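This document opens with one chain alone, in C-alpha cells, the form predicted alone.
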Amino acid sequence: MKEWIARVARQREFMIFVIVVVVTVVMTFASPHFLTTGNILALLLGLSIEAIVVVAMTNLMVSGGFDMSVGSVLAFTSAATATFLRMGMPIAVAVLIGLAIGATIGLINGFFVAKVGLNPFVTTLSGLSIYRGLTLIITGGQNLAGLPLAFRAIGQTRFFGVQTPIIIALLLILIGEILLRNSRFFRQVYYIGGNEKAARLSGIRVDRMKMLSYVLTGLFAAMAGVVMTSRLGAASVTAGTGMELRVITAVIIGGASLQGGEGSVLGSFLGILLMGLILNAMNLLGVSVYWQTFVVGATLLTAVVIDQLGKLRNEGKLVIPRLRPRKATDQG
C-alpha cells in the first residue's frame, strides 16, 4: 500500500489534483459565491469547449507534434456549418460537412508535417491565419445568427440541470483517457514521440499515425465549433481566438512534453480545470479582466520551464546540490 501511495504521489496528475483542491479550498473561504452550483456549472460550461479540443491535442503532443490553428479551425468550421444551416440544409448534413471540413484541414496539416517534412509550428501557424481569414471572408465579418431551434438544442439542452456541452466534454475526456492509456493502437504515439527513429524500426507506421493525430485534432476542433455555435445560437467570427495558447498550456501543465512521448488526457483536463479555476477566482475577486491574458502567458512560460528542467534532470544534465550540515572542522 505504501509503495502504491508513493507511486501515485509521484504522478503529475496527482500533483495538479492537489493544487486544484488547494485553490478550491482557498477560494471557498475567499468568496461565498465560489462553491455554489451556479458558479461550478458556469465554470465547467466555460471550459467545456476547450476541454473537447484538449483530448485530441493531448494525443497530438504525445506524438511530438502540436497545432496552432485549432482556434481558427473552430471558427471556420462553425461559420461553415452556420452558413449551410441558413441555406436550409438538413441539420445532420450540415454538421457532418462541418466535421468533415475540420478533419480535412487536419489531414492537410498532417500531410505537410509527416510527408513533406515541414515544421509543425510553421505549418499550423500558417493555418491559423488562413482559416481565420476564410472565416472573415465567408461571414463578411458579421456573426451568423438565426439558426434552427433544433440545432440550438444540441448545446442548450439540460440533463438534470447540466448543459450538454459539459456532458459531451466529460464523455470525450473519459473515452480519450481510456483509449490513450489502454488502447494498443493509440499507445503507439508514445513510442513515436519518445523516439521516432526507433518507432520506425520497430514497424510502427509513423507517418500514418502522425497524420491521424492531426486529423483527430482538426475533427475535435470542428466538433467544439459545432457545440459552441449550437450553445450560443450563432457563429461568432471571433470564436476560438487565443484558444490554441490556452489548450497547449493546459496540455503542458497536465504533464505533456514539447518533445513528445509524455502526457495523458486526464492530466490535460486537470490542467485546463486549474486554469479555469484561476481565471474564475480572478473574476470573483474583482481582478481586472486585462490580467487574464497575462496570467495565461505566465502560466505557459512556467509550465515550459518546469518541463525543460525536468527533462534536463532526467538526462543528468541538471544536478541539484544538496546542502549538508557544517562540521566543526569546516573552515569559513
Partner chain sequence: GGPAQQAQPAQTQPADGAESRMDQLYIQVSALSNLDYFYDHQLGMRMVGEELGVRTEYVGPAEYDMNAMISAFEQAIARRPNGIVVVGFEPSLDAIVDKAIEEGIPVVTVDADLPTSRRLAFVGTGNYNAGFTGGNAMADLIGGSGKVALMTRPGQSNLEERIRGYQDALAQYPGIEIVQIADTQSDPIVAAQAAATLLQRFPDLAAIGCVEAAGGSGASTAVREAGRAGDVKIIAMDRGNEVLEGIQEGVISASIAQQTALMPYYATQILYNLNNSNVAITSDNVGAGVLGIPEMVDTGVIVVDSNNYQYFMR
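Numbering follows the first chain given and starts at 1. Just so we're on the same page, rigid core means the largest C-alpha set that superposes within 1.5 Å between forms. The model shown is predicted, which means the values in this text are computed figures rather than measured ones.
The protein also exists as the form predicted together with its partner chain; that form is not presented, and the subsequent description refers to it.
How about A30: is it within 4.5 Å of its partner chain in the model of the complex, going by heavy atoms? A30: no, not in contact with its partner chain in the model of the complex.
is_contact(A145, its partner chain) in the model of the complex, heavy atom dist at most 4.5 Å: A145: contacts its partner chain in the model of the complex.
N280 near its partner chain in the model of the complex, any heavy atom under 4.5 Å? Close contact exists here: in the model of the complex, N280 approaches its partner chain to within 4.5 Å, heavy atoms only.
Is L43 close enough to its partner chain in the model of the complex to count, meaning some heavy atom within 4.5 Å? The answer is yes: L43 has a heavy atom within 4.5 Å of its partner chain.
By the heavy atom within 4.5 Å rule, which residue out of L96, L136, L174, L107 makes contact with its partner chain in the model of the complex? The residue from L96, L136, L174, L107 that makes the contact is L136.
With the distance limit set at 4.5 angstroms and only heavy atoms considered, check whether P90, F159 and I168 all reach its partner chain in the model of the complex. No residue of the spot touches its partner chain in the model of the complex.
Mind telling me which stretch in 76-84, 149-157, 215-223, 97-105 gets its heavy atoms within 4.5 Å of its partner chain in the model of the complex? Result of the contact check: 149-157.
Does the C-alpha of V296 move 2 Å or more between the shown form and the other one once the rigid core is lined up? Yes, its C-alpha moves 2 Å or more.
Given a CA distance change of at least 3 Å, are V295 and V53 closer or farther in the model of the complex? More distant in the model of the complex, by 3 Å or more.
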